[in-house]
Ligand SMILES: O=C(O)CCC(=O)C(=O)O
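A single chain comes next, written as structure tokens; it is the form predicted alone.
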């Protein structure tokens, strides 16, 4: 029986009420904002991503690039075909600069009640159609990030993204259950959690370009399957926390750590978003593998 999904609570009305914004995040484990980000900025990043996909033969010849009509696949993280695309994503200055978008940082500053630290470990996602088995399972980000539970993940689709297209769903209130036991699962991250016993409600929405989802690191979330026949679903994951909170060294390294920052920054036009965290007095804490060893 399909999982019932109810709509997000929208929080645009609380952007000028930080205390209430924090109270809602504490209650639900997520915040959702409509039209928080300029459309042109997202479309340019979408174009940058799709040009990389096209360069590697993932876009069907003779179609409009911005439609993202796939050629071949499905491919997924971990396969050899995926690494060249992810490496090129990591080298995009526009991809890393987008994590510092003013309205995003403003919302995060209000949530944390202090200046925000955007993690430099940014993630670009490409979800193929006809690949339900490897749809990202229900999981918690904390076991992969650690540091502070008050790290929030931002999920931003690079274009309109209906539930049918494979948007992200959140299990509202699940952050209150601390770290849940993990199990092996297909899809990004390789680990999932059981949720039926929590008796909570899944929430999502038909995302529109410019929408912004932010959720706490213990909040259970999952991707919905891309049920289209031929379209790539593109999105980005960014992580944010208050600058006074602890962080692990891994969160300051590139995603998958396949390239050095020196390699990634080669050819950038600006130094503004290079090594910005090194000027901050951050509290580094160890990363533990105990959650990963608990797989069953």
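What you see is a predicted model; the values in this text were computed from it and never measured. Positions refer to the first chain, counted from 1.
Separately, the form predicted together with the ligand exists; it is not shown, and the next lines address it.
In the predicted complex, residue 46 stays away from the ligand, with no heavy atom inside 4.5 Å. Using a 4.5 angstroms threshold between heavy atoms, residue 70 stays clear of the ligand in the predicted complex.
Proximity of residue 136 to the ligand in the predicted complex: non-hydrogen atoms within 4.5 Å are present. Although the partner is absent here, residue 155 lies within 4.5 Å of the ligand in the predicted complex, judged by heavy atoms. For the options 168, 191, 86, 92, the one in contact with the ligand in the predicted complex, meaning a heavy atom within 4.5 Å, is 168.
The contact with the ligand in the predicted complex, taken as any heavy atom within 4.5 Å, belongs to 125 out of 175, 119, 125, 96. The stretch that touches the ligand in the predicted complex, counting heavy atoms within 4.5 Å, is 213 to 221, out of 176 to 184, 213 to 221, 193 to 201, 108 to 116. For the partner-free chain shown, 233, 235, 237, 239 of 224 to 256 come within 4.5 angstroms of the ligand in the predicted complex, judged by any non-hydrogen atom.
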